[in-house]
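First, one chain by itself in structure tokens, the form predicted alone.
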């Protein structure tokens, strides 16, 4: 008897997990305490757990091959799956606070690895609170791309401190991004789009990509097409608001 016949959470037609068994609230409170393991430092991240084919034994990861892409609030993993084949030599990880959603992404990646031998070995997911633990996972200048796709708007002014893009958090993101590394943001909420763009414009360590650079970047198109949220906005004929910025060295600091 096949796994799909005994496991109703797996689709018989695709071999992938069924989302309806992993549904959760759209958003979680990032300021609440959650109980999950957190590495003491980036050197304690177990790469063999996340990328077993590339790192067959536990222990510290080879410094020549480290995680470079982080999808913060990765949802059901659509962007990660698209990026995995677009950048097959790059290690990437999704960071998600909701436990059921994280479990879905784990199962999705596992199923894709089985169905496509040799592929999707460079992608993984971890349940964590990125607003608290980014420095626990990534070292200085480690990342080349960070993604913040359709984050919780936190409409009420008193809850703006919960927004995943803020002047304070941009300091942390600038620390873990290499010079030239890129932050990608997108939302269907205009006020939030203006907020994220303003935060990035006013931060001394970020500058906007030019229109020519945006057109040439294959990742930009995925921001609105690869995720469940983006597809929903497109189906409803909605509008999206992007802000894409690179990490720079401030003019008053040495490179």
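Residue numbers count along the first chain shown, from 1. These figures come from a predicted structure and were not determined experimentally.
Although it is not shown, the form predicted in complex with a small molecule is what the next lines describe.
Within 4.5 Å of some heavy atom of the small molecule in the predicted complex lies at least one heavy atom of residue 98.
Proximity of residue 103 to the small molecule in the predicted complex falls outside the 4.5 Å heavy atom cutoff. The small molecule in the predicted complex is not approached by residue 90, whose heavy atoms all lie more than 4.5 angstroms from it. The small molecule is not drawn, but in the predicted complex it has a heavy atom within 4.5 Å of residue 74. You can rule out all but one of 189-197, 49-57, 205-213, 221-229: in the predicted complex, only 221-229 has residues with a heavy atom within 4.5 Å of the small molecule. Contact with the small molecule in the predicted complex, defined as a heavy atom within 4.5 Å, holds for exactly one of 144, 166, 82, 129, namely 129. Of the residues given (120, 184, 150, 137), 150 alone sits with a heavy atom within 4.5 Å of the small molecule in the predicted complex.
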